[in-house]
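Shown next are two forms of a single protein chain, provided one at a time as structure tokens under the names structure 1 and structure 2.
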Structure 1
């Protein structure tokens, strides 16, 4: 027993001089890291917690100074009113059609363009890459007027004007307030943030070893079959990243929808007029707090589908962002 105690004490005495200093430093660093993460999480979650706390308040809690975070009288009346004023289910369905369809088209088109720029050398390649970068740099506000004119009087490669000269009638098509104002740019590689997505795919495909494609060509695989059978399955992480980011940006888009769509066709446009609509509902009561509570409930309803998507797909989302190196 004495030998065991002596050996233990001897082992402690033989430890390096910086042992306790390093152990203390590790503990302090762990505390600092935990405090930093908790602080960042609070900053990110604060708006959602504030909206949730406000939207769940009953009318008895509006002017109660003791209610700060947790309501005393829970109520879902503000959510019911926001659903009715937003025409929520119909508007959400239309917004989902726009976001999902445009995101799928955009991911496939941007991947094709990025693969061509990464693997093939041709004249004008640098010019095309420069144009792709310019689509990221040039703000949307500078081109919105010609863009609106293009969709308002859409002409199919000048065919409509030719028919107008022949028959004397106007054959231009009005595409505003339709899903084509999102689908067409995505199909032509010029949708929301398409330039960024093209660069992401281009860098992803540059990291693929060419030996895989060379082996496929030796086995008689053509360019298209190699792309769809080998390249795309190995770029799932990039596809997941691009699709999710594109979906979020289309879902939250306010500028393009405000210029090219009319009425309350999308959730972002409906949310814009929710405060005015709610003010009309509460005009007889003259209660601005009730109006604010209804708006907070509407904001929660708009971001709720995004939270659900992230909750179920967070693992794939985090892994895909980590492997592609893309951050927002």
Structure 2
């Protein structure tokens, strides 16, 4: 832009001294920028390329040193194997139930809590906000053991103990290895990274003009109705962003599921043990490469739904921060 201004002002023949220098520097910088970005993009895409290249290999290519990236014999054998070993469709269905359900609940509950913190004043609000931040900082590992105990011998927050005093028998329920391990904390606003989402919603609602609600109140709208029919529809962008992030984090989670779920019930867990499962199958052939190929196919299968979500929701991810109104 400023270059054209300069050249029209100065004319072609008496360009300023640094003109050609500046132009060369610009071209050089573009080349530098392009090579840097391409190099870094290669690093980002490397795992996916590696998985694709490995998983599509036919068994003839396993020990062929000339095959580096492109396989000579394409084969979907490893995908079939991985689908079978992961028990893919069933496990994916269960993981989807956990991820979609928990993240929907989480988005709604975090929005409600965030709204309460953003719009209403009450005693102890500052304390609550500090506590929300504390839940973000404390690593899950610190409280995972008592949490395990809480879910293993779930007593409905003390009600079972009370009943036990009256009736004399044990009423605790084992919640581990059920979807409630995810649903219950989501319902109570303390799920996976809930603190972060509450802050996001709080910030979003603070950016809303107060006059919308005032108008609604004057028209005789109650608090709840105002929240559901005016606030939520206006915060749909923040909802989409929180839902997508929450979905991805639930889908990928293997720390909570490793502690609170057993066996191969979620995809992440099944994938973690896929190598062991596969080596049990391949043991008679004693082929470590076949095992690795199978694991890579499994990886692709596990992230495939995420890639689909990312592809359709890329705008929500890339512009997530602007959409939630974090930028003032």
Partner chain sequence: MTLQKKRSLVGLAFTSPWIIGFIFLFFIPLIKTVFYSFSSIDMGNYGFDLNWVGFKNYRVTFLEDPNNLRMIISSIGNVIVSVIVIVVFSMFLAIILNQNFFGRSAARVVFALPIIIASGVIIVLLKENVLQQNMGSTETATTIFQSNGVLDFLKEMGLTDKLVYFFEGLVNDIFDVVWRSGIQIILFLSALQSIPASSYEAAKIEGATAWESFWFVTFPMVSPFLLVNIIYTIIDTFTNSTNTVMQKIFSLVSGIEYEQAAAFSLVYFILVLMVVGLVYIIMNKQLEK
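Just so we're on the same page, rigid core means the largest C-alpha set that superposes within 1.5 Å between forms. Since we're looking at a predicted model, the values are computed, not measured. Numbering follows the first chain given and starts at 1.
- Between the two isolated copies of the chain, the form predicted alone corresponds to structure 1.
- Core-superposed comparison between structure 1 and structure 2: the C-alpha position of residue 50 differs by less than 2 Å.
- Relative to the superposed rigid core, the position of the CA of residue 262 differs between structure 1 and structure 2 by less than 2 Å.
- Relative to the superposed rigid core, residue 37 shifts its CA by 3.5 Å between structure 1 and structure 2.
- On rigid-core superposition between structure 1 and structure 2, the C-alpha of residue 28 is found to move 4.7 angstrom.
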